[in-house]
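Below, in structure tokens: the form predicted on its own, a single chain.
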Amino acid sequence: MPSPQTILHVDMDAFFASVEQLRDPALRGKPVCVGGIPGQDRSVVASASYEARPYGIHAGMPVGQAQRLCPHAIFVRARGGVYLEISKRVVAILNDISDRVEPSSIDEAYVDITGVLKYWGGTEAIGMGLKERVKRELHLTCSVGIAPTRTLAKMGSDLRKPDGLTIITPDDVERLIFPLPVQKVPGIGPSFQEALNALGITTIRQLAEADPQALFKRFGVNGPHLQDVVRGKLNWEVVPEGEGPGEKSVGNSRTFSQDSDDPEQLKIYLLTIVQMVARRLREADLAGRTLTLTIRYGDFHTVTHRKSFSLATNDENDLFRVAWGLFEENYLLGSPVRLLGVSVSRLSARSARQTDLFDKESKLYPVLDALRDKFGEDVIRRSSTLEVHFRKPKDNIHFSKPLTNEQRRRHD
């Protein structure tokens, strides 16, 4: 498994819940659920403390189910601005280690430490130093995986949670990774797992050693591709923000703990992502003219759709209207979604944006940001998220297996 790279993946432990327990000592040692609002239909848990997890509660679970599993759980509103600020401090610590840092979500990031191994004293010294600094400066814990590829590093960070450090060398893959169930591979959701299990593939070893032709016949190119990923033969470079293809952009994405085909839930997720992107633009005093929507389906098929504005904007209403329009026009109705992402590019200074003399709503955003910081992201929600109506879905298909090549061609 040749690879010249050494990749570190850091995952903040139960991030939202841990932050809330840090802010309120009365919550420490108790089962805490963040983001869920008891009594609201379709409200889901965004983060569960480690005290809540023995009851079976996890992120993405409906609040009603979480309440039944643990009646004495404490539900706390999410405070996106607070989490974002701490996330920035984590990234700042990572940037002190290496200049190759790629945040993948608000609580996870990849770091290419290949070129700084000797400077910091090797992989273990880097991993331990990072964990100690996060604990000392932020009073939070994180789990770290270090490996030759991004996928293996991410799997390593999940092996010894919470507050763990796992170093995986090429010689360790068979011992540490191959015995794990296939659902431990990032991107393999319940549907994909079920399809693999039907072929008699229940462990990563069985996936790595399976007949590539049989995988191709069942899953198309995704089968052999996934096999190469778990074997460590495929890797992706760590791309720091602003160094991606084309020009700089500001974006955010969310990978769901469970694939979702619920349009109402997906719309709420998308709104949350857009609000985060808009807030980051406003904090940087930037506006953009092109919005890119990324949809990753449960079978790893990923598509992007773009639309440009006539004027640069950081107005979350404008951004959400375009993002949702792209989604409802292009979403394969009924197919499970694993990830949604939004980025805004063709950036310019906010002062350069031409504004309507009667555009009063933009003046409210600092107030909205402050309210959300104090009372949670759901304190104010746009009426556009209350109902979901698709204008013209591409297909009306319920997938129990990955997309076919013909479906991909129609979709792309």
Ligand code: DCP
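One-based numbering along the sequence shown. This structure is a prediction, so every number in the text was calculated from the model and none was measured.
The same protein also has a form predicted in complex with the ligand, omitted here; what follows describes it.
Scanning E108, E328, D261, D112 against the ligand in the model of the complex with a 4.5 Å heavy atom cut-off leaves one residue, E108.
Site annotation in the model of the complex: the residue of V344, V32, A66, A46 reaching within 4.5 Å of the ligand with a heavy atom is A46.
Annotated contacts: F15, R53 and H301 all touch the ligand in the model of the complex [non-hydrogen atom within 4.5 angstroms]. The closest heavy atom approach of D11 to the ligand in the model of the complex falls within 4.5 Å. With a 4.5 Å cutoff on heavy atoms, A59 counts as touching the ligand in the model of the complex.
Residue contact with the ligand in the model of the complex: R289 places no heavy atom within 4.5 Å of it. For the chain shown alone, K248 is not a contact residue for the ligand in the model of the complex, no non-hydrogen atom being within 4.5 angstroms. The stretch in contact with the ligand in the model of the complex, judged by heavy atoms within 4.5 Å, is 100-108, chosen from 219-227, 100-108, 306-314, 129-137. Counting a residue when any of its non-hydrogen atoms is within 4.5 Å of the ligand in the model of the complex, the one hit in 147-166 is K161. A change of 3 Å or more separates the two forms for I177 and P336: their C-alpha atoms lie farther apart in the model of the complex. Here's the thing about P336 and I201: their CA atoms end up at least 3 Å farther apart in the model of the complex than they are in this form.
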